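What follows is one chain in structure tokens, specifically the form predicted alone.
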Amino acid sequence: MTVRPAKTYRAKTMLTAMTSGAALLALAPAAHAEEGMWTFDAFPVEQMKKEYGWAPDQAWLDRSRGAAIRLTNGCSASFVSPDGLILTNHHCIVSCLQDLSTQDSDLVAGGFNAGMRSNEKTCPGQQAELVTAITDYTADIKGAIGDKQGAELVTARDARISEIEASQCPDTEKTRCQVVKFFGGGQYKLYKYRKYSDVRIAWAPEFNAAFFGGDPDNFNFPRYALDAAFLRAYDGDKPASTPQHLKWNVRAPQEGEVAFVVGNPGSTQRGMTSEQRAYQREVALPRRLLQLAEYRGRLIEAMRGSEERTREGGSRLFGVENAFKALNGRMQALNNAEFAAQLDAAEAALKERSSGQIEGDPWADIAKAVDAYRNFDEAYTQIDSSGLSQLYGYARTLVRAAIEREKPNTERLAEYADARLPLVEKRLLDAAPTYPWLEELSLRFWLSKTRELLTTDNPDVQALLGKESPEDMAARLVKGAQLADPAVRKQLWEGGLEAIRASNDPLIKLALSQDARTRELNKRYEQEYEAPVTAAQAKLTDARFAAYGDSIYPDATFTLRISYGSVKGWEENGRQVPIATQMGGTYDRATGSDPYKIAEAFKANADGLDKAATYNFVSTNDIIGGNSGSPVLDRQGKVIGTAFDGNIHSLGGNYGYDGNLNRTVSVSTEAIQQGLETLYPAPELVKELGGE
């Protein structure tokens, strides 16, 4: 089972109603109104002028782009001072707080306030990245692919990408290059980043303030959550110099005003064909949801009655619950008959409009690839997994990296190319705690579900388990593991393949024994699914541009995007939902019990808090997971909030956008300022931010 950590804005339970006017990215005619996660080199200036009578000029776009940050744990952020201060969400740094917590100091529950820069603490594995250039390499990479097919296509493509990334970013200490595939392979662009590998936590509120309302309020509105935090980027052990930063504007958003969200939406699948959506609806989503639900139950039971396990496993539970809600929302969206009909109709319209303008039948090619994948997807997803075990994840990385680093750069697996190794190394070697009980639970679950799904007599299961039970094997692996020690991981990393083969660590031995089979499954995936889909998607890109011109945008790829919209409520069951909540509403909503248990700082400072200050607000911006922490900008390009969630209707945003219902939920600068001044006083940060 593979689950992403708690790193994006989160999903609630189900899509309720998709209205008939929903516009569908890359499948329908030109995007309408606020739909669109636009790349900065293709912002629809004329379209926005037509709708709003105004649009930002190039200088405005350059300023906002020059302060937008991608956090490598899957979130967005922004520079908000000349000294590397970074605004993001609390839920984006909760894993950092967890890693820095001890039995005597729970930074997740109690929050963190450095007070002064010398007290700021390094977040393990975290890296901040700032886009400095975007270059189109489509013709170059398509030329390398040529007429190749199958695994040969993937090999040629990845080799050329590795060459480009290495040549354009020779300084891997401070720069990172990443070639990004857009439109499923229709375009390739090189994103060059200035990276900051030393990122420290400066300020974060209590968990009960940041996530007040918990799961019941998650992906709903009204909200009363102080889901904000501040990091700082360091360069050479000093705060980074960031003269290009966003201005802090402490004011309430006004209904109807234009709003921009600048961030890195993680992944959308709006360009999927009907066959791909059917696979998600029938196979992938149900399977993952069942596993997540069972894992969640085992985790809760293991934590029950233990304060220490509750603290240690809290971040994992948070991530699993978020993932479950997001995937459940996607499945409900795909099962909505009206929404599904709109998607199918849009696909039919594209086929009709592009008829005779493209070669072959890319839809049929994708359908064939999906059918092929169904024959081995279960083995692929189960065997090529780390089972949510942090230690086994280390082992797999060490084994694969050691083998790949023996090869020339252009012949490696893409994730181990020279340009990508520094981040792999950082994540591997940064010190972070592991918990034996959680490791054993995760491994036991993965091993038992693999046996259950593939059956006892399956050769992959026999090779994995031998004569051991999942329970005994998990206990043995964790008991003998040495990889919790960063020094051991460093020795194995630096020792290369010789050290790996000589290691007695049982997890290293397991990863070595599984490596050939996982490579075989990966090769089959490339041959039978990835390569034909890449070729077909390139043709579909031609079809979309032929049918609708350049007024379309690519699916989200965790690269920098900008969306525009307005501060606006919506109608729900005949009731108009307001644009904002006030901080005083927290006290009215509190019940004294979780998840509506009021934070200690709210209790202690009830008299001094400005209860009329705007807390959370909604806007029509088109966002998705990965946008968490994105700054919300006004017409002047100043920060008026940070996006942290969406309403229940935005669950269908993975597949399409409905401007009547989809809403972004943000925490206002007024609320964050109250946090900095009254609830968790940080006068140095207040001074640094300035504000208007």
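From a predicted model like this one, the values you see are computed outputs, not experimental measurements. Residue indices: 1-based, along the sequence shown.
We do not show the form predicted in complex with another copy of the chain, though everything after this point is about it.
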Practice prompt. Among 151-159, 463-471, 122-130, 477-485, mark the stretch whose residues have heavy atoms within 4.5 Å of another copy of the chain in the predicted complex.
Written response: 463-471
Item to complete: Could you confirm whether D457 comes within 4.5 Å of another copy of the chain in the predicted complex, counting heavy atoms only?
Response: yes
Worksheet item: So in the predicted complex, does any heavy atom of R298 sit within 4.5 Å of another copy of the chain?
Response: yes
Practice prompt. Using a 4.5 Å heavy atom cut-off, state whether A367 contacts another copy of the chain in the predicted complex.
Written response: no
Practice prompt. Find out whether any non-hydrogen atom of D384 is located within 4.5 angstroms of another copy of the chain in the predicted complex, and reply yes or no.
Written response: no
Discussion item. Each of L289, M331 and K449 within 4.5 Å of another copy of the chain in the predicted complex, by any heavy atom, yes or no?
Written reply: yes
Worksheet item: Of E294, D344, E307, E572, which residue is found within 4.5 angstroms of another copy of the chain in the predicted complex when only non-hydrogen atoms are counted?
Response: E294
Worksheet, complete the sentence: Among G146, P595, G608, G360, just one has a heavy atom within 4.5 Å of another copy of the chain in the predicted complex, namely P595
Practice prompt. Residue by residue through 332-348, tell me which have a non-hydrogen atom within 4.5 angstroms of another copy of the chain in the predicted complex.
Written response: N335
